[in-house]
Every structure is written in C-alpha cells, then in structure tokens.
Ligand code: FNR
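Form predicted alone, single chain, as structure tokens, below.
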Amino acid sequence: MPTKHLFDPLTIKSVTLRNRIGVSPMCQYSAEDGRLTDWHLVHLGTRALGGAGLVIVEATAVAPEGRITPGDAGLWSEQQIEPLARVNRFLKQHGTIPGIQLAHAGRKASAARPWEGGAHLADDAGGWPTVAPSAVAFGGDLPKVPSALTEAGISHVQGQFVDAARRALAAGCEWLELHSAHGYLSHEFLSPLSNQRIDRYGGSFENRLRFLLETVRVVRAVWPDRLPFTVRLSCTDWVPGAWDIDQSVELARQLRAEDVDLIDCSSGGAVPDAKIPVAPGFQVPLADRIRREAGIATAAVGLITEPLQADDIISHNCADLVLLGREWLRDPIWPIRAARVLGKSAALSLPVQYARAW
C-alpha cells in the first residue's frame, strides 16, 4: 500500500476530510447559558480558513450539571441548536468537516473558569451539586464530594447523551465524539481510582466498561450510520494499578464491535497527582498501539507542534489523524504553514481573500 501523508484525504463512512489535521476539542469557557457565541464563530471559523480538515467543537455538556464551568457549551436545550448550526455552516462553507464532543464532567463539574482560578464553586456562589460513579472527591482544588449515581440516574444521564446527539445532528454536525477521558464522568466509571461501586457498574473490568458501552449503544441508535462516531479515551491514568493501556486496547476492541469508527487517544486526568511523562508526542505510542492491536482507526494528540513530526505520525501508520490543541491557539493557520514546509501547498485551497499573501 502507498505511504499515507498528513495532507492526504481521510474518508470514514460518508465523510471525507480534506487532510488529516484536526482541531482538538478545546474548551473556551465563553458560552452563554450553553449557547455558542461570536467568539466561537470567529475562533473556530478562523481554523477552517487556516486549512483544518476537521474542527471538533469543545466539550459540550449534555446537561447543565454536566458543565465543567458556567461558561461551557451545551446541547441540553433546543435553543442551543441554532448558535451551533451557525458555526457549522461557516465551517462547511470553507471546506472543514464540523464535529462535536459530547460530555458530562461528573465530579469535576461546578468549577470556576481557568482564569478565575479553576477551583470548585460553592453552591451559593454559582456552583451546583455534582454526580459521579462513587461519592469520592477528585481532590486538590476540586474537593466537592459528588453524589453517587443510582442506576436510574445512570439511565437518565444516558438519555441526556441521546438527546444531545439528536440536537448535534439537527445542528449539522457530521462527526460525533463521546468524551470518556480526562477524569470526566465516563472516564470516572472506567477508572478504579474513581469507581468504587459494588453493583453491576463497578468492580470488575467488564462492569467498569458498562456505562460507556451502554451509552455508545443508545447514542449509536440515533446517530446515522453514514456519519463517523468516535470516542476519546484517556488510554492510561499514569498511576500504577489503575486504568492503563492494556485495558484501553481491550476496550477499543469492544468499541469497534459497537461500530465506533475511531479512538481519540489521550491520557491522564483521573487524579490530580498523577506523574505524567509530558514530552513532545508523548501520547502517540498510545494511538499506535490501539491502532495495531485493536484494529481500529486512531487520532494522535498531545504536544504535536511541528509539521514533520505530524507527517511522520501518519506516514509511519501510528495514527490516521492528528489533532492539534494549543498549537492552534498559537498559530490559527498551522496547516498552511505545514503545507509549505512539507512541499504540499497545492493540497490546500486557500480562501481567495488570503491566497495572494502566499
């Protein structure tokens, strides 16, 4: 088979990305009652003009109590559809596939925005009660003890994911990601650090998978087969004896059997004191291993900043897609610059308003 490169198209189901460069979901904490604003239109729209093949809108809460902060995006209301649709129309107009990440923050919800300190908000200071698999606090600046979800509560949350997926489809999203990483609710069920249940949602490996697998099934039933359906995992907690890459590989196999198309491979976030070996591309081996051993497409993330670095990830079959995060904040036209470095300028069709500058 011919070697693939960063600027080759990627087709999953009926959707084709113009290249293998995506915008990772990055919370802007700038929504108004869950509704996207002009900030999101300009922020995300600029990345489409800059050449992104995929833009995944930030972690979007399926319920008000599932927000990380009061400024989070949401899809718990019909009133939140049109502001998202407005952004998606602009992305499509400029050649970018619009995606969304649906999320519930679990015990890490009810926090202040990062520039306001990021700590848990008291209930009488704009905060709200939190829920989780077990009544175990995250710790550090997030000391609230959550209420353990009952089985009826679990079913209710899963229904909220279904309703949010329907709204995402109505808003024109063409790529859906379920957030099961970074210590938020779905990841909290996976990790024994946060899941201390003794019912059918806790204890054994199979039981700890149950919440995510059930959620995937009910959301899959309303999300069209023709559109990509993906899951973000924290592939390891970076804590001995906790959630790890071996378990993630087996989970990825089971997700593939549930018609999940791609695993977005991140890590960490389960506890505040994990020792994470942060370095350029440090999470790429996680995507590589899941791709090889689980037989499913993967996205690589984490301190990917240089064009040659990103192209090597694709050409060495370590991942099918590269999602950049903070590098987009530093350089909103990163693909244009990368195309020049890699000798692939012809692969990008620049907006006519920009083309004369290159």
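The model shown is predicted, which means the values in this text are computed figures rather than measured ones. We number the residues from 1 along the sequence you see.
This protein has a second form, the form predicted in complex with this ligand, left out of what is shown; the following refers to that one.
Trainee: Spell out, yes or no, whether the shortest heavy atom distance between residue 326 and this ligand in the model of the complex is within 4.5 Å.
Mentor: Yes, residue 326 sits close enough to this ligand in the model of the complex that at least one of its heavy atoms falls within 4.5 Å.
Trainee: Consider residue 25 of the chain shown here, and say whether it contacts this ligand in the model of the complex, taking contact as heavy atoms within 4.5 Å.
Mentor: Contact with this ligand, yes.
Trainee: Taking 4.5 angstroms as the cut-off for heavy atoms, does residue 59 touch this ligand in the model of the complex?
Mentor: Because a heavy atom of residue 59 falls inside 4.5 Å of this ligand in the model of the complex, the answer is yes.
Trainee: My question is simply whether residue 302 lines the interface with this ligand in the model of the complex - judged by any non-hydrogen atom within 4.5 Å.
Mentor: Output for residue 302 is yes: heavy atoms within 4.5 Å of this ligand.
Trainee: Want to guess which of 205 to 213, 218 to 226, 145 to 153, 179 to 187 is within 4.5 Å of this ligand in the model of the complex, heavy atoms only?
Mentor: Selected stretch: 179 to 187.
Trainee: Which of these residues, 104, 107, 232, 167, gets a heavy atom within 4.5 Å of this ligand in the model of the complex?
Mentor: Looking at the other structure, the residue within range turns out to be 232.
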